[in-house]
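You are given structure tokens for the same protein chain in two forms, set apart as structure 1 and structure 2.
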Structure 1
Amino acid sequence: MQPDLSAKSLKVTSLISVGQHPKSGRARRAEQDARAVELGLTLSDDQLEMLHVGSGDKTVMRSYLGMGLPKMTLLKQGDRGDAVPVLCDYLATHAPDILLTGVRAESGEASGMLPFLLAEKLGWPLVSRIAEIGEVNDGVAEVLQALPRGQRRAIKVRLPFVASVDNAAAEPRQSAFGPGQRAGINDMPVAGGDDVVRSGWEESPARKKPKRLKVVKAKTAADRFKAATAKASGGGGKVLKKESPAEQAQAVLDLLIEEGVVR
């Protein structure tokens, strides 16, 4: 599905966030947000607006700008601020035809609820996990939605609408350092306090949960191969229904002691 040339007059806004490398934790451009910018450049290279809400890591912002945009808008807000009302006020004023986001951020809450909340507040239709946007005629866009196992679904949606971009979309182009440094960042301070719900949270680094290891007592290669390929069988658990709460708690404690969780 190739984009229609008439779509070049579209006004497209792409939301970006500060990504996080899954291994090193280093700040970077988010993979899905970069794909959304790539899709926006394909649709409307001259009228694409890149928008970020937050304190803004300028190094990361310039890595997005290095994809070929001359400028972007940064709505300056505290890290614990609620981005939804700020974005709704801005988008209601500037009124883009298409709003592109990633499916989920790579840092922060990363709940994936932002496109849904924006679509609800603005009253726009939402298409989730898109791979491509094709022809746009008479205010209606043909959207290709990514489905599991490589399948695709063609959807027609009326402008304006919100779309979250899936990993199945085209890969983002490389970021050029020089153009990214020369591009402009328009800082716009916005009014808005901290998110009331988030202000009561206690945040800490995530820890990997311990995984139970299967102990194989095989002596020969054939036994080890059989243990590796054998289908896991259940039946080792116990369902406690009629026992008293004290007996149920004792059974849980006995299991924890047996597994070495409690010493």
Structure 2
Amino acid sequence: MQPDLSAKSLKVTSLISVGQHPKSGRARRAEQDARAVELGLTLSDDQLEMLHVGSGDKTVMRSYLGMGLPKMTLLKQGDRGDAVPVLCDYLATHAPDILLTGVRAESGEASGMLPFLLAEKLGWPLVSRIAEIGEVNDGVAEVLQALPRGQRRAIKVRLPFVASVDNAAAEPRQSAFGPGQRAGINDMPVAGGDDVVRSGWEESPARKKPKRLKVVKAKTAADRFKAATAKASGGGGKVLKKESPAEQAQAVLDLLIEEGVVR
């Protein structure tokens, strides 16, 4: 789906965060946020605003900027600050038509609550885990939502709205170093409160989750023996032997329809 011309005048804001490599832990462009920026760039390349709240790691910010944006906005705040009230204040005055976020941050609590809190505070509708934004006509956007198992769902939503971008969205373009260094960062110091609740938490490196053991609850030796040696269980299945192929095929089709895999 190619966005039509009217979409070019859309105001889109992408929220970006400092990502983290899952193995080395090195700071990087967050996957989902980069996809959100990519989606924003295809929607409107001149009206896209990139927004970050926090201390703003220079190399990471520049790697987002290297995707081809002339500037970005940085709401400067300490590491322990709460981003939501700051964002709400800013977005109330600089309201975009579409606000794009990732589904989950790559570091910290990673609760995935941010888009929901913003949507609730701003009173906008929210569509989660989108893969694509299609045409935008008369203040209604056609959105493609990513479902589990590679499925997609079409959704229409009224502007302005918040959308969290799934990993199924188009891959972000490469970041070019030079343009990233030359682009401008608008610093704006803001006075946001600290995240008080979080200061009471204890953080530790992730422990390995214990694997669930298969507990054999058999009471007798005969049951235990059966549990240890049993082959493919079940046996309660229906078997159609004598029916004609047409009847058999109908039975299979009925099951497929009942399970909802054949529509």
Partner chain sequence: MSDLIRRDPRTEWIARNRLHPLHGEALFSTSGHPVGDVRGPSGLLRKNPHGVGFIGPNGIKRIDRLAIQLGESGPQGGQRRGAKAAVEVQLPLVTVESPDFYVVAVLDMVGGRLTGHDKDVLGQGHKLVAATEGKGAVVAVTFGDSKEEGFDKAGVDRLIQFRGEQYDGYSPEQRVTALEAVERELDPEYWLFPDSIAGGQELGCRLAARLGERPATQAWQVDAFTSLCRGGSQRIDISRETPRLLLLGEECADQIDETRHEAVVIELASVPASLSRIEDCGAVDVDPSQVPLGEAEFILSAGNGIHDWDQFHQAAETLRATEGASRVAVDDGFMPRHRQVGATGTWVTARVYVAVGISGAIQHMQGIGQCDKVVAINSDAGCDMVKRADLSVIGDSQQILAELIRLVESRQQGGAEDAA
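Take the two forms, find the largest set of C-alpha atoms that superpose within 1.5 Å, and that set is the rigid core. Computed from a predicted model, the values in this text were never measured in an experiment. Just so we're on the same page, residue numbers count up from 1 along structure 1's sequence.
Asks: Of structures 1 and 2, select the one representing the form predicted alone.
Replies: Structure 1 is the one predicted alone.
Asks: For R224, is the C-alpha shift between structures 1 and 2 2 Å or more after core superposition?
Replies: Superposed on the core, R224 moves its C-alpha 2 Å or more between structures 1 and 2.
Asks: Does S244 shift between structures 1 and 2 by 2 angstroms or more at the C-alpha, the core having been superposed?
Replies: Yes, S244 moves 2 Å or more.
Asks: In Å, how large is the C-alpha displacement of I257 between structures 1 and 2 after the rigid core is aligned?
Replies: Its C-alpha position differs by 51.4 Å.
Asks: Given the rigid core as reference frame, how large is the C-alpha shift of A206 between structures 1 and 2? Answer in angstrom.
Replies: It moves 2.5 Å at the C-alpha.
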